[in-house]
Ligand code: 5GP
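Just the one chain here, laid out as structure tokens, in the form predicted alone.
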């Protein structure tokens, strides 16, 4: 048995949408990660098993190659490649599930179509401070992942038996990737109760780990070596570390989507480093990834300096300016907020 976290009235309202709806679209955030793709495909397989013939997954842009083994990945519609088709699917949908994001700006160019759509919107998410744009909002930041939320949602509707092996594999992938392979935000016993049930559905969790974490290209591995030797700066007094990459540097290593995923975690393997930030250039802005261990709330740092947010130990943000300016903002933040002194954040928040 697992605890009933989601409010019953929300379960029943969303269940009616599932029962009565004929066309469904599942949307997730820009630059989809493992939890975004895992939760979306997990819900996709459930709805298909339930007998719904018109189900689509729409994402704002492409996702990493190491998630393109997941059952159903070829059915995902990428808005950046097929904008008219993606937006038509959204307009025609009876029900729109918004997964792993809590405000429209997180889906960028997809936002106008989703907000304007007449379909009933249902949010399933685990980030703080959800915006009020869905008829049903299931948002529980204490959960490990949106994929865990999807599992709980299906079970609470009394439809656990419809979770097949494909659905289970996608849900497990999302849970695994959003907890760093169960190394943070993963110390609750019920997480492992859920994993046990997913294994009973026939998944091979060891194989899933290898497919996600041990299939990198030679170029990606060489870029990682370059990052560690040339581009990592450690701030011993603040127990912090920084990695930076420019577009030119990434292109030198034939960068493809997903090649830098996980780089932000690398400095945390250094003794006494409690806060790690990865700053890299994108086409239109500078992307910021933040990770911490222990009590340091990097989501507060992200919110104050980089218009971002997320979880206490895993957050993100963005900066509109140069890479050098972004680094300067980070270093100024370190001077104000010392990861050695968590209370500094609360004092200046």
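Residue numbers count along the first chain shown, from 1. Source: prediction; values computed, not measured.
Although not depicted, the form predicted in complex with this ligand is the subject of the following passage.
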Per contact check vs this ligand in the predicted bound form (non-hydrogen atom within 4.5 angstroms), the hit among 320 to 328, 43 to 51, 281 to 289, 59 to 67 is 281 to 289
Taking any heavy atom pair closer than or equal to 4.5 Å as contact, tell me whether residue 314 reaches this ligand in the predicted bound form.
yes
**OP:** Tell me, yes or no, whether residue 297 is in contact with this ligand in the predicted bound form, where a contact means a heavy atom of each within 4.5 Å.
**Re:** no
Exercise for the section: Answer with yes or no whether residue 106 is in contact with this ligand in the predicted bound form, where contact means some heavy atom within 4.5 Å. Expected result: yes
- Even though this ligand is not shown here, does residue 127 get within 4.5 Å of it in the predicted bound form, heavy atoms only? yes
Near this ligand in the predicted bound form, with a heavy atom at 4.5 Å or closer, the residues from 13 to 35 are 33
